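Consider the single chain below, provided in structure tokens and representing the form predicted alone.
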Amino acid sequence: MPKSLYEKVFDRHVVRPLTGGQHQLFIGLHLIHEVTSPPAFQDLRDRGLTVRHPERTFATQDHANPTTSLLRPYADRENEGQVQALERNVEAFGIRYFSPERGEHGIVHVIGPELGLTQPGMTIACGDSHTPTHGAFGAIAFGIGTSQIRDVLATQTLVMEKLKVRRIEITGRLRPGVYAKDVALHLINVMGAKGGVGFAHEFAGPVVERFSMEERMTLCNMAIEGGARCGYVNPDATTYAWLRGRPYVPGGAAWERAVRDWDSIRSDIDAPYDDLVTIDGSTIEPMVTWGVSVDQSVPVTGTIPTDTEDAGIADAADFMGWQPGQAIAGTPIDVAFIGSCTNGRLSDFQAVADLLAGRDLKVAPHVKALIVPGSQQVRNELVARGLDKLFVTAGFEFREAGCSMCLAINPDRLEGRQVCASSSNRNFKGRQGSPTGRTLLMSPVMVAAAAIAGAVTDPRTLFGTLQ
């Protein structure tokens, strides 16, 4: 019977069926960081349990570490305590730890793929909402809570129901100045923040097929913001070219066997789906969020909604300080942040650098602009290309790797009513550290344009024709 990739991978990993439509599912790769794992490890100790398969668990620090300096101890005592707890736990339970001291650390959803830990056909779990990022490689990847982290550590399994599968085909071609982040925001705007509840989203169509791996990661990263439990792209030649030669990827004859297996888990051409959505990619514009939910967005040429009878719209507009019908372009910003697990990869920064190179463009004097690489490896490559100097000359602060201002449980935080143009993934109230701070989500190129203009602006106007 024809099946989708989700069904094939799920069925491969079922340990046993349980009652009520649930299954015990084997987890091939478990990624952990310093924020959500300490209580899970303590629960193991309290129950006298150990880690069942330590060789399948990998750890890094990303949320808590500062980005101005990695010298220990960290100035924030809570952050330092979280990292110390992680260090004790990985040592006690024999888990591989990618540490700043060895120049290995980075956001968990950046280093997993760049090391080749993430591979097609895997089941992947992590105590972080944006674990669907790894679905870009043809894996099914889930964010989990602390009690589930404990379960995976102790048993290498999770109890799960099988999801419905929705295929989302993005047809045509994107216009110049439109990026994967815009596609993600557009989809969430069209389908709603809860549109994907109960679904796995299979992203497909000509636009997705032409995406690089890093663009696919951006798209899958945002699946959770549309309510989907996971999102994925079928593996193909682009996937294999990106993976080949990475540290944890098999080589030689094992590589050839792996590729044959990865090909076999692609969705069958006649696979049935529970829903099918088609989006014309040529209609997508550069997008920016205006509210406090990721589905509250408009094109950069758009205006704030006028439907004041809608309680959600009215509350968001009041919090953000908007007037109905106000243009989003021209909104002054205080902070610009380029980074996060959504847009903290090499190509994200390279796209900005390409537009800055050879032009006398500077960050507006009143704007604090941060460039925060998603991993130490990304940072090293930016330095090797001389892009750190390019960014600094343009007025950006070039930081150490980490989650930084995405979640702001480290020192990088908004203050008061500051407005931040951000390439991250959530615009919830208080998300960036200030209860009254305001977040506008957009692509890295749009963040750079806003930083230079000092206000939300159409990058196609500021930079000219974009590719």
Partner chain sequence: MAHRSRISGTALVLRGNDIDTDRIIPARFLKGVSFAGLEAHVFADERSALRARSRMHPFDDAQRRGARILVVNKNFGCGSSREHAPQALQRWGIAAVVGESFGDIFAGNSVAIGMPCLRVSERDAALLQEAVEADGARTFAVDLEEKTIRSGNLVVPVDLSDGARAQLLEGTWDATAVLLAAGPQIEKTAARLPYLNGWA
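Numbering follows the first chain given and starts at 1. No experiment lies behind these values; they were computed from the predicted model shown.
What follows is about the form predicted in complex with its partner chain, which we do not show.
Student: Among 90 to 98, 194 to 202, 170 to 178, 266 to 274, mark the stretch whose residues have heavy atoms within 4.5 Å of its partner chain in the model of the complex.
Tutor: One stretch meets the cut-off, namely 194 to 202.
Student: In the model of the complex, does each of Ala237, Arg244 and Gly386 have a heavy atom within 4.5 Å of its partner chain?
Tutor: Per the other structure, none of Ala237, Arg244 and Gly386 touch its partner chain.
Student: Applying a 4.5 Å heavy atom distance criterion, does Ala317 contact its partner chain in the model of the complex?
Tutor: Ala317 lies outside the contact set for its partner chain.
Student: Taking its partner chain as it sits in the model of the complex, is Val352 near enough to touch it, meaning that at least one heavy atom pair lies within 4.5 angstroms?
Tutor: No, Val352 sits far enough from its partner chain in the model of the complex that none of its heavy atoms falls within 4.5 Å.
Student: So in the model of the complex, is its partner chain close enough to Leu370 to count as touching (4.5 Å, heavy atoms)?
Tutor: Residue-level check for Leu370: no, no contact with its partner chain.
Student: Indicate whether Glu104 is a 4.5 Å heavy atom neighbour of its partner chain in the model of the complex.
Tutor: The answer is no: Glu104 has no heavy atom within 4.5 Å of its partner chain.
Student: I need to confirm a contact call. Of Pro113, Gly281, Pro299, Gly143, which residue comes within 4.5 Å of its partner chain in the model of the complex, counting heavy atoms only?
Tutor: Selected option: Gly143.
Student: Pick from Leu440, Val35, Leu70, Val51: which residue has any heavy atom within 4.5 angstroms of its partner chain in the model of the complex?
Tutor: If I apply the 4.5 Å criterion carefully, the residue I get is Val35.
Student: Which residues, if any, of 6 to 26 lie within 4.5 Å of its partner chain in the model of the complex when only heavy atoms count?
Tutor: Heavy-atom contacts within 4.5 Å come from Arg12, His13, Val14, Val15, Arg16, Leu18, Thr19, Gly20, Gln22, Gln24, Phe26.
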